[in-house]
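Here you get one chain, nothing else, as structure tokens; it is the form predicted alone.
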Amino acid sequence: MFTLTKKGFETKNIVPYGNMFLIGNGHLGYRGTLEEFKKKELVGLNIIGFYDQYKDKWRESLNAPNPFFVHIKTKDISFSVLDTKPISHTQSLDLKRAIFKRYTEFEQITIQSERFVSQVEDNVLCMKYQIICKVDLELDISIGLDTAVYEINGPHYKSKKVHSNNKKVEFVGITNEDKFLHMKTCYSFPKRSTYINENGIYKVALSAKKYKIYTFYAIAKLSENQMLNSNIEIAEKLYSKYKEEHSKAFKSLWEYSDIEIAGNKEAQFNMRYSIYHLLILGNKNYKTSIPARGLSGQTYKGAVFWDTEIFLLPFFSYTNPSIARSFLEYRIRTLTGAKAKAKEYGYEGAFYAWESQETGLEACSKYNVTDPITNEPIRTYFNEKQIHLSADIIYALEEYIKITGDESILLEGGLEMAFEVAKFFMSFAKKIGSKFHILDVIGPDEYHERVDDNAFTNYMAKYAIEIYMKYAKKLSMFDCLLEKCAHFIEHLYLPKPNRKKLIEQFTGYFDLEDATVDIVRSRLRVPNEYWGTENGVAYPTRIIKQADVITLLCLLNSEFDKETIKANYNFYYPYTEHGSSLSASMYSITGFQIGKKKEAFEMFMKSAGIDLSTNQKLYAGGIYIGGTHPASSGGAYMSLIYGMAGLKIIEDKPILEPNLAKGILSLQFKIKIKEKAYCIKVYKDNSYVVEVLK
């Protein structure tokens, strides 16, 4: 139950398998492509937090050259799955140890390989590549550093220098922003092979004997903006050492991360696969946050969204708090950028970037989608109107403190951050009569832009200001706004449940066309057309992209009674298109809590299995949006612990209200709450046991 295996090769699966078999360590991500692939097949070694901009194109994270390129051929045959149909082909991913493997059998040779990105040394990655011939063959093998880098908005390297000697390749790339990437790669070849060097690619001649195993090794080390001082020597012992250290370190991460599900093998595997994708995001040495597409590439500019705070932080807070803290430290470090954005738009305080890179300045453009028919850019307002992110960050700060008890982060910038966010919302709001209104915004449902009094935004703004007030009073710091804040939240307009207990998503939502998802889909001119913006097919209707009011009821669950939650779930569920991977988990959590177990379980499986599908949504309005979905993985974790297990923290202790789905016999997981560790077991009769671990 800890191995992902796919058999057979089809070209249509190259891109989804690249995502599916991703390996990484929170600093580097290497896509699950095959060694003979090149940039056309989207080979990607992505570097988190390292950005560049080419001319007026989107600024995005960088891909490094591929150190693991291998292509085998004879005089007549190319042993690449792109050129020659294999007899059999298998790709696998060891989830417990984060090691990728491939096995490909051709008529005359068999190829097997494995690779990993070190969990111990965060800038090291290693490969072992083996050939077994069925007959004696004269092989020509190309192995080395492929500097033809796949890029979405490049070229990002204005210069590339390659020096190679004695099976070692050194690369220095200078970016358009005058940063540099230094990479050292070492290779080892089988004995009695000969080779020549062609600018980083070694041409190896091998007289291969029948049934003899020939092994190649490659180890690469990267550094951004700092030259690597030490040399790396390649040897089987060095590879084995790195592999043993990495395997041990990664396996140890599962101790507090695993969730055991009895009664449904598919659910068990999907959950563990999701946990794997969460685990490869963490890095104790590399202090940054997590982009929306994780380590899988340059999609969405490699930028950080609200996904991290709302969907990823709970998992790490319960299992590895130091990494959860680093996500908040990133927001504290980028407070200057958020304040600069607020000032640019004429507001006070901190207006956090919808798409944030290393400085916190806004990376989101005015035109984020294109018309798939005319290819003309379409104006979107995400950068100006997605203001709820600032509140989401303060919500995450409070969740982290509630789970870990670590209030020291408040004195290290957390309270100042909350102070600046409170200032921002009060300067953004407009007073109309006796009430403050938050106008002209975009909520989580991005199909409806520039709406007034979005319920999610208004309630989250109020909550963020209350968190600021709570800690400003407690610590007697940054407390100059307290009186103004109290007046503001007392008079802030909050959409209340109507007589049917429904909360209007935004002013005028109930007046929109009462259409179905299928009807709206039938109005698309082409499948990749974007549903949103004022000319989008969903805009005049009640059809929404993702959970909006339901996300509010999920995050601020204790502020609403169960009847209100149930009424809104039943109302909004049919109108939700789930065009975002963030949507399913919110409905899953809420569904379990109100007894909609069948739908809730379906939404959990959708969330947990999204990156196991080869039928992924790769384009939105002509823009490539492919890659992994770490927020969906985090949402799957939340679906089980908050939804199915019904976990709540009351007086610093775990209290459960279980809602196990049909067929699930038991759940078992470990969590940490305020430096105490617990093992929780939930049974099919909804009884449970909480064991305090030593």
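Here the structure is a predicted model, which is why all the values come from computation and not from measurement. Numbers follow the displayed sequence, beginning with 1.
Keep in mind that the form predicted in complex with a small molecule is missing from the display, and what follows is about it.
- The putative spot formed by 601, 637 and 642 is not touched by the small molecule in the model of the complex; no residue has a non-hydrogen atom within 4.5 angstroms of it.
- Comment: the small molecule is not present in this chain, but in the model of the complex one of 549, 271, 387, 292 has a heavy atom within 4.5 Å of it, namely 292.
- Proximity to the small molecule in the model of the complex, defined as a heavy atom within 4.5 Å, holds among 531, 400, 157, 306 only for 306.
- Here the chain stands alone, but in the model of the complex its contact with the small molecule, taken as any heavy atom within 4.5 Å, falls in 298-306 among 148-156, 111-119, 344-352, 298-306.
- The closest non-hydrogen atom of residue 446 lies within 4.5 Å of the small molecule in the model of the complex.
- In the model of the complex, residue 465 stays away from the small molecule, with no heavy atom inside 4.5 Å.
- In the model of the complex, the small molecule lies within 4.5 Å of some heavy atom of residue 582.
- Heavy atoms of residue 545 reach within 4.5 Å of the small molecule in the model of the complex, making it an interface residue.
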